[in-house]
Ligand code: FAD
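Next comes just one chain, in structure tokens: the form predicted alone.
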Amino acid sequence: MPLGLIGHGLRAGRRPRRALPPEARLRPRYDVAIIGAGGHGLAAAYYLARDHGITDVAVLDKGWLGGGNTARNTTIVRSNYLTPEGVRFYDESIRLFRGLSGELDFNILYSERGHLTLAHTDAALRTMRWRAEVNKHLGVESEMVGLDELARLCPPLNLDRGARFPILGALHHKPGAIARHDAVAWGYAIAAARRGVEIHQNTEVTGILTEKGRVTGVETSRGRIACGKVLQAVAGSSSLLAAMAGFRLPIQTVPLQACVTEPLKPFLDPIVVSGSLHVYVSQSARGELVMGGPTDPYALYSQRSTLEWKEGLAAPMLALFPFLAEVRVLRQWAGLADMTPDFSPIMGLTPVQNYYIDAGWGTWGFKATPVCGKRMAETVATGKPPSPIAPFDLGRFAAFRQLGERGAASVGH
């Protein structure tokens, strides 16, 4: 293999294969327009083409492919949620993630590590037991573990009873994993493009065209497009797009910051989370510690980083792993989290006919990428939300059918 690669590299006239075809001219009409070329929008385009034979699709993005929240998340995949609806939904996503590299013929670097949610109080222990029972009842591998088992699963963790934030136990979710976020986006994009889907970057949607309560097209920075159906998948900009279409969303958009350290020798296999301390950490394949904390305490459409957030993250991180005191932070960034009142997403139909929504993900959009793409594609193709996403409809707020997932949040909000 190495000799073959050398020969390939030295071969005269060698031209690398394009990952995506050259960007096509934006046509005046498509069957479906998808607003947002992040993981969710690209996955929906792929499944529309693969499962439903709908290939006359334009994916539109004001920036670049996978350049929004897909590029700014911390790549954790899990299904240890609190509500039966949430557990079933995210468990389907894990099953799709496991086979995604083979299906897309693109390595997404999916790595199952196990996910530990720490409990520091008796109240937190009760919540972990509750989650474990809900998970096990639905066939998801989660269990409460004590300090002895926790020491075996994560030896570097500070389990000193005299620590500033003593640990009493943890919820161990064995299928917890990480994946490469940009690989997921590019894998879906390439697979969708091979089936005829067009991806148009630097194409901002500036208006939604409707007639008699039905969507008829979109206005873009490159001209008007007529289309029979529109799917909105724009994360932090969800409320802005919905307003263009003429309806309001129960969403507050807040910055969510994260950072990575300099690379270290591998020492942290599981993903470690403390909802009480508002921190989570995993170690990437390159050795970097990927760390996150709470959302900012106020609504803001800004992706700036703050020293205050980094200082607030450092104290609890050092309480869990004191030996990290001299480790340097290399990069810090922020995404835009679209938070709903019940900490659950909004998927499915809207008051505008043939205008579909994929929003309200807050801090768990990446882990839902495959299942949301697959099920939203089914919704667009059939006009009817399938059972896995039916509970997450927009109408639940008016009908007081909220799905309370705050107890399963990895960080405080």
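Because the structure is a prediction, the values reported are computed rather than measured. Throughout, we count residues from 1 along the sequence that is shown.
A second form of this protein, the form predicted in complex with this ligand, is not displayed here; the remarks below concern that form.
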Discussion item. When the contact criterion is heavy atoms within 4.5 Å, does Pro28 count as touching this ligand in the model of the complex?
Written reply: no
Item to complete: Would you please decide whether Gly365 lies within 4.5 angstroms of this ligand in the model of the complex, comparing each non-hydrogen atom pair?
Response: yes
Worksheet item: Heavy atoms within 4.5 Å of this ligand in the model of the complex: does Val205 have any?
Response: yes
Discussion item. So, Leu241 and this ligand: in the model of the complex, are they within 4.5 Å at any heavy atom pair?
Written reply: yes
Worksheet item: Of the listed stretches (75-83, 319-327, 162-170, 139-147), which one has a non-hydrogen atom within 4.5 Å of this ligand in the model of the complex?
Response: 75-83
Worksheet item: Using a 4.5 Å cut on heavy atoms, which of Leu313, Leu256, Leu249, Val197 is close to this ligand in the model of the complex?
Response: Leu256
Worksheet entry | The unique member of Ile35, Val371, Ile357, Ala377 whose heavy atoms fall within 4.5 Å of this ligand in the model of the complex | Ile35
Worksheet item: Though the partner is not shown here, which residues of 78-101 have a heavy atom within 4.5 Å of this ligand in the model of the complex?
Response: none
